[in-house]
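One chain comes next, on its own, written as structure tokens: the form predicted alone.
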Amino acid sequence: MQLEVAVHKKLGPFSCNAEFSLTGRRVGIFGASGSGKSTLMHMLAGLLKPDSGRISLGGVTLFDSSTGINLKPEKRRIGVVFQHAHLFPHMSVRRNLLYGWRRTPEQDRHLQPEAIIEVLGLEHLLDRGVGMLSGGERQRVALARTVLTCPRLILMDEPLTGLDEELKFQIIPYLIKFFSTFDIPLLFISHALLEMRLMTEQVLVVEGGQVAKQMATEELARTSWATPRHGYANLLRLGRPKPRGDLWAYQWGDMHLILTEKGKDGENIFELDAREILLFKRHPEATSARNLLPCIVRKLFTVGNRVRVELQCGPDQLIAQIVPESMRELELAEGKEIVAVIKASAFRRLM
């Protein structure tokens, strides 16, 4: 995806002045409610005309106020998945899915319905009425219907807002699998940092109608830690669990992690709060914790009465949070060898 944007739009007292250039496959638009995320999305999709400026996608001009170009939404080939699925209530899942595909010119049909249906796990839903779907199923059907129009770019506007946590973590694996399987760029719009970390690789931070920052998603997560209300959660991608007595062992880089929870076959994603990691100068003689990891301190970052300790644990990294007094007692410095100790029960499986 090569997206070039420089637009201005005034809506009453609110002004959106967005200017950015980006490449990438999975990009987030992040910001608080009212920051201008949806206004920007509507201008990209052709649902809202900018007052002035220019938008181009992949070298094709979608809007240019200086030349009078303003392609209609259907000509832009940008698919939009809204917070509310907006499925056709009088149609079955199958008919919803095929509605856009049948109206797409044959030369643009580079995706087949069967492949999309399989990846998004919709086979058993095809003959069901949309009124019989759960929130997560509706969003998967909405995504599949949008994808089957064979767009050049997909915009997802707060697609998980309104779903409870269990449903969110049911649908996100399908989304990750889909965008990993098919070569369609994604712009994922959300105010939820965890959703951003799971779904995107880089992010545009929108504040007051402007793109204030453009950075890697993990850099955003670490920057957000510096604000008083936020802590930091490590996201760990672990493989298939193997029994280890009453517990479960997971491969993590060149180490094993011992957890209380049995995950699924295949990849599992666990969350580990930075405050759950204890640091020791040397290997403790005895502890009830099951994970004792030799690490090297990479960086130290202090905010008020908290210290973020970035640790290199073999080929992988962890972030621990301690207080300044602990940092002084441990004599922490970049390059120092340390032991990170973590209880087996400290990990929370997300999906």
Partner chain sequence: MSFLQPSDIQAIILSFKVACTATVLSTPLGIGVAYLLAHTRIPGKTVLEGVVNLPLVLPPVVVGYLLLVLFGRNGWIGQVLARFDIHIIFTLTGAIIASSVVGFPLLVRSIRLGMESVDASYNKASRTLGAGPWDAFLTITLPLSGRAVLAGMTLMFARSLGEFGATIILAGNIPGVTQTIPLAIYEYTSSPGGDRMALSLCFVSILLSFIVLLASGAATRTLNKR
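Numbering follows the first chain given and starts at 1. These figures come from a predicted structure and were not determined experimentally. In this text, rigid core is short for the largest set of C-alphas that superpose within 1.5 Å between two forms.
Beyond the structure shown, there is the form predicted in complex with the partner chain, which is absent from this document and is the topic of what follows.
- Proximity to the partner chain in the predicted bound form, defined as a heavy atom within 4.5 Å, singles out one entry of L247, L235, A115, M91, which is M91.
- Think of it this way: in the predicted bound form, the partner chain has a heavy atom of just one of Q210, Q83, T217, T146 within 4.5 Å, and the residue is T146.
- Shown alone, this chain has one stretch from 95-103, 254-262, 185-193, 172-180 that lies within 4.5 Å of the partner chain in the predicted bound form by heavy atoms: 95-103.
- Proximity of I296 to the partner chain in the predicted bound form: non-hydrogen atoms within 4.5 Å are absent; the residue sits far from the partner.
- Although the partner is absent here, D108 is not a contact residue: none of its heavy atoms lies within 4.5 angstroms of the partner chain in the predicted bound form.
- Proximity of G162 to the partner chain in the predicted bound form: non-hydrogen atoms within 4.5 Å are absent; the residue sits far from the partner.
- Within this chain, L47 lines the site of the partner chain in the predicted bound form, having a heavy atom no more than 4.5 Å away.
- Contacts between stretch 61-87 and the partner chain, counted in the predicted bound form as any heavy atom lying within 4.5 Å, involve K72, P73, E74, I78, V80, F82, H86, L87, listed in sequence order.
- The Cα shift for A212 between this form and the one not shown, taken after rigid core superposition, is smaller than 2 angstroms.
- In the core-superposed comparison between this form and the one not shown, the C-alpha atom of H90 has shifted by at least 2 angstroms.
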